[in-house]
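Below you'll find only one chain, the form predicted alone, shown as structure tokens.
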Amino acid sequence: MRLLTHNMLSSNIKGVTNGFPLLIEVEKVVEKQVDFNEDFLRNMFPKIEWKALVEASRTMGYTELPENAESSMLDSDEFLRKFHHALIELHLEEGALVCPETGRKFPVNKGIPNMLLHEDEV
């Protein structure tokens, strides 16, 4: 699971008011090289919850992202490459996503998060 995906997911358990960002429990992280695409990064930047991306990347062992970011930083090739690596090349292969409110764990197996709810959570 890429951090791009993580940044778009939240806990939809009935009664949860603060289901984002999901916490990450890491068992295995892999890095997968992906072609660098500046246009994609520039278009995605406004849609990304930056603080959640920084926290998730640090949990996965990547500490190169700045604490805060603004659109003017998109002119920097160095910034774009760090953003690209965190957003697209880091993969949570095995672990769990944890609801910040309830502590419910959603397993991630072979890079695929299982966000299915139990019957009593719908």
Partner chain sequence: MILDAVIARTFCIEGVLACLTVIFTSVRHHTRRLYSMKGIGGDNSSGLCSPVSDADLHVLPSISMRSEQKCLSSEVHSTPEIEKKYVHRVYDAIAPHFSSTRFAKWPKVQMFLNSLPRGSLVLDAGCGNGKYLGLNSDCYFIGCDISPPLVKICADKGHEILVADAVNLPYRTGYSDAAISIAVLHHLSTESRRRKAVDELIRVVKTGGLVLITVWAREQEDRLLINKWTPLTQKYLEEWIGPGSPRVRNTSSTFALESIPEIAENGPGEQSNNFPAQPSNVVSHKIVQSNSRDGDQSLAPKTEEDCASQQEYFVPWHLPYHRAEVSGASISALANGLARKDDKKGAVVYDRYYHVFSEGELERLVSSVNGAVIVDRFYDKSNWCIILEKTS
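Worth saying up front: this structure is predicted, and the values here are computed from it rather than measured. Numbering follows the first chain given and starts at 1.
Keep in mind that the form predicted together with the partner chain is not shown, yet the notes after this line are about it.
Taken together, the three residues T5, L9 and N12 all come within 4.5 Å of the partner chain in the predicted bound form, as judged by their closest heavy atom. Only one of I48, A96, A69, V54 lies close to the partner chain in the predicted bound form, with a heavy atom inside 4.5 Å, and it is I48.
Listed stretches are 40-48, 23-31, 54-62, 73-81; the contact stretch with the partner chain in the predicted bound form is 40-48, by a heavy atom cutoff of 4.5 Å. The shortest heavy atom separation between A86 and the partner chain in the predicted bound form exceeds 4.5 Å.
Taking the partner from the other structure, the partner chain in the predicted bound form has a heavy atom within 4.5 Å of a heavy atom of I112.
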